[in-house]
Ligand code: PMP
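In structure tokens, the next block holds one chain alone, the form predicted alone.
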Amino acid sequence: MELGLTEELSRQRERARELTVRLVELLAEREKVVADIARLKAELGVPEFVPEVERELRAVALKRAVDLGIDQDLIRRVLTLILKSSVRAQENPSNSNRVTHMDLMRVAKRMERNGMEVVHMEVGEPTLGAPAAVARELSDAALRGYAFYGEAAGLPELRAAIAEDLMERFGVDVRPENVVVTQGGRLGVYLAMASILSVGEEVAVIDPSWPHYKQMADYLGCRSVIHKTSLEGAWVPDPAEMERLMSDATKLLVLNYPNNPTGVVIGEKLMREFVELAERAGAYLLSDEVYMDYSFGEHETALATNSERVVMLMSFSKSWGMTGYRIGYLVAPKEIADRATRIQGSLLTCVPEFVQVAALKALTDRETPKRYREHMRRGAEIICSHLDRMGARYVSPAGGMYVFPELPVEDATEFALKLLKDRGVAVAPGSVFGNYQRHVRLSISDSLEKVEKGMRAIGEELRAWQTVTDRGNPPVIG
């Protein structure tokens, strides 16, 4: 009897092995078909991602799963990974080999170490620095003994102060248990996504966008679905278009206003429409509001919708110039906050206590964010006045610390490299933030004097660039 069962087990294992190998062979066969589809799409000018085609394929696959009694959620996840691979196979290989703003920053830092002066307009790091009182509180807190392991969610007094601050500013009902203190905004994005998403799900992102959203989605084994906005449309997103792009695998929508890189903000009506879209889809909405104190008008927070599907992110890096302190927070429904806390505890135990005490001090200072906002507003005016003289197209920012113009060049990456090499001005190519080959992001990171100097240099380089291009001799980038 036992021998018969053992033989049957061996036969079934061999059968499972054969089927697994067959699955691999079918995937290889499918990749060949995808290559043919990519060729035909290129000849016809059809985009890589066609949501209507994917939606029909999903419906057929899920119906077949029901017929065969297979878990639909499993098929949905596997299908997302297959479709992600298919779209990636159809993309232009040059898209994955872009020069990033961080690459340019590293070159700029190397130039500075060699004694050259560089104007930094490539990264979103205000050189204004943290207030002196906050810096003193940091060291004093360490000396007072705030230097031990702490709660993964953050100091109770800081979480309570954040909740109170949001309630006072926006009239929203936030409880300390909804707040998780994070090690900067980047980790906040990761914690939010890791707490919401599973492998094979989708994240809806509005381009142009901070690249970290797509990077984290990819890192978590998920797929980004992109709603591309345009300069002609004033960078305003369309909820109906976003809904057209989404599928039943889309579990998270990402908003970022004031926006990096465009400086655009959206009003209460549009914010509410996106929240309602997330609710209809059974998804969450992640609202990255790290530039909220840089809004030149009133800031609209997604928390004001009182939706149980909203997760909000904030950082101390911009408002108080505390970039190197690496501290921020997320506000989320309790089950999401609890998951984020467990993940953060596993990764780094806690945010250093003395940094959290410094952040507590920063929350009592409402004047510094106002001064820094004024700096950003004046910097934006300087940039826009120069862009007007250059004849560049742009949308005037309503907040944040960036302007995202289209320049009269075919390849903004080449322009950015030459600008840095020849004139010591670092800017971020638009391709970093999506498929925007003729755009650059101009950051108001440096002093206003350096912003002025940088814009003069950009104007000079554009004139030289156009003169060389008009002669039919494109510049060579060394």
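The structure displayed is predicted, hence computed values, not measured ones. The first residue of the shown sequence is 1; numbering continues from there.
The form predicted in complex with this ligand exists for this protein as well; it is not shown, and the discussion that follows is about that form.
| query | this ligand isn't shown here, but in the predicted bound form, which of 143 to 151, 160 to 168, 300 to 308, 179 to 187 has heavy atoms within 4.5 Å of it? | reply | Of the options given, it is 179 to 187.
| query | So in the predicted bound form, are 210, 213 and 326 all sitting within 4.5 Å of this ligand, heavy atoms only? | reply | Contact check passed for all of 210, 213 and 326.
| query | So which of 260, 341, 295, 224 gets a non-hydrogen atom within 4.5 Å of this ligand in the predicted bound form? | reply | Of 260, 341, 295, 224, the residue with a heavy atom within 4.5 Å of this ligand in the predicted bound form is 260.
| Considering this ligand in the predicted bound form, which of 362, 118, 290, 271 comes within 4.5 Å of it through any heavy atom? | Exactly one residue meets the criterion: 290.
| query | Does any heavy atom of residue 284 come within 4.5 Å of a heavy atom of this ligand in the predicted bound form? | reply | Residue-level check for residue 284: no, no contact with this ligand.
| task | Please run the contact check for residue 402 against this ligand in the predicted bound form: heavy atoms, 4.5 angstroms, yes or no? | result | Within the cut-off, so yes.
| query | Should residue 317 be classed as touching this ligand in the predicted bound form when contacts are defined as heavy atoms within 4.5 Å? | reply | Close contact exists here: in the predicted bound form, residue 317 approaches this ligand to within 4.5 Å, heavy atoms only.
| message | Taking this ligand as it sits in the predicted bound form, is residue 195 near enough to touch it, meaning that at least one heavy atom pair lies within 4.5 angstroms? | response | Heavy-atom contact with this ligand at 4.5 Å: absent for residue 195.
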